[in-house]
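What follows is one chain in structure tokens, specifically the form predicted on its own.
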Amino acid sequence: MFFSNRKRIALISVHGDPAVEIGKEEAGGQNVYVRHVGEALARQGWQVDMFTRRAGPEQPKVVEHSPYCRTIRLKAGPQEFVPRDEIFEFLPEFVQAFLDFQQKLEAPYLLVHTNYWLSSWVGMELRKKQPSLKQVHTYHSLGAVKYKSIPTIPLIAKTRLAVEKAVLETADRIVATSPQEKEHMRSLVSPNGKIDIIPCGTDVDHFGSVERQDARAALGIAPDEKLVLYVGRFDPRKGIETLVRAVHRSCLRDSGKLKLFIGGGSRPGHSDGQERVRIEGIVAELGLGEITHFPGRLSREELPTYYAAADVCVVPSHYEPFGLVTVEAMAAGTPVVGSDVGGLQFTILPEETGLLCPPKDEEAFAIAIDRILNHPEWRDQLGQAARKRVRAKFSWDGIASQLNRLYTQLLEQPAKKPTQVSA
């Protein structure tokens, strides 16, 4: 064991593996958040263990990220990819595996920070067995919001909504990543519970490490060409169709100078692969094949080049509690056109760092994109302001400092008896 006298914390992210390559099936902002929060907390003196579900027999059980931060994969259900809406039945096995792992340590965890509703259930169950345990929770997505934006409600919805209400009312503290997310918790979930606002972060220096001219040369983008960029999962809720149809409406479409890059992972036969095929069909139907490029999954090392090369990054999600891509692009000095929803209303300052549009409104997105592309000097002003805003408010070390203060405060408080919750 490499444990020291450091304060120990368990970050629980059942379906969002902090050690997995971003862009794989259902791997996105939550994975990034947990990984970087964990690493930043380790730099601030914590011993950090990040627990997730093992999704393949070839995956190592433990991944060391730094001397005091590691990912621990627990067996819960089949050792293969399982869609998040089908994981709930395996959570009791996850709880037992966690307890078995903890029993081998010289002392139990005093605090868990759970991520997403599946992990919140795990945290609440652990508190029943260990009443002194403190629980902090980050939602990453609210079922009460999500189910308003999709046509088919999954069978797990009733359970999820009950669990999300229970954790808001019983956790020692809820971390909302934006004022908008906090308002949704209060109006759609419960008036009870303690909520702090601590945003997500980004590695400002990493994403701002490539000069725009060098980035465009590396990607073969001519100085007079206009590059519109999307980065993220292939998921209908991400609004990629809106972006494609907006580009089709752009006044620059027939200029021969417009390019659209749609970056993200996809696996044939899985949900993200199916959505990519659908988007490719729309691109072909609209005659955008010659200007549209699908670079595939973009590694952390590649992303700064793509962000810096873009004239504008578009985040057309139907809903985003925060939207990490937004602050990554802004850190690179690239303005963002995003949907006027959730955390994007917090990260993007309209007319200052980017523009906001009604979700699913392809005409509004087309107008916003053209405004930025047609005014390069204003585009540069927006980008400079965006980078300044990210550096001031959204660095990972700054976020970890806020979480460190919250954790320390909670550990100094006497434990409260957890409420019995059934879902």
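The structure displayed is predicted, hence computed values, not measured ones. Each residue number is its position in the shown sequence, starting from 1.
The same protein also exists as the form predicted together with ligand UDP; that form is not shown, yet it is the one meant from here on.
*Asks:* Scan 198, 244, 303, 97 and let me know which has any heavy atom within 4.5 Å of ligand UDP in the predicted bound form.
*Replies:* None of the other options qualify; the answer is 303.
*Asks:* Which pick from 124, 325, 309, 336 sits with a heavy atom within 4.5 Å of ligand UDP in the predicted bound form?
*Replies:* It is 325.
*Asks:* Heavy atoms within 4.5 Å of ligand UDP in the predicted bound form: which stretch in 315-323, 158-166, 177-185, 105-113 meets that?
*Replies:* Selected range: 315-323.
*Asks:* At the 4.5 Å heavy atom threshold, is residue 29 in contact with ligand UDP in the predicted bound form?
*Replies:* Yes, residue 29 is a contact residue.
*Asks:* I'd like to know whether residue 193 contacts ligand UDP in the predicted bound form, with contact meaning heavy atoms within 4.5 angstroms.
*Replies:* No, residue 193 sits far enough from ligand UDP in the predicted bound form that none of its heavy atoms falls within 4.5 Å.
*Asks:* In the predicted bound form, does residue 137 have a heavy atom within 4.5 Å of ligand UDP?
*Replies:* It does not: once ligand UDP is placed as it appears in the predicted bound form, residue 137 has no heavy atom within 4.5 Å of it.
*Asks:* At the 4.5 Å heavy atom threshold, is residue 258 in contact with ligand UDP in the predicted bound form?
*Replies:* Because no heavy atom of residue 258 falls inside 4.5 Å of ligand UDP in the predicted bound form, the answer is no.
*Asks:* Can you tell me which residues in 236-255 come within 4.5 angstroms of ligand UDP in the predicted bound form, by heavy atoms?
*Replies:* In sequence order, 237, 238 come within 4.5 Å of the partner.
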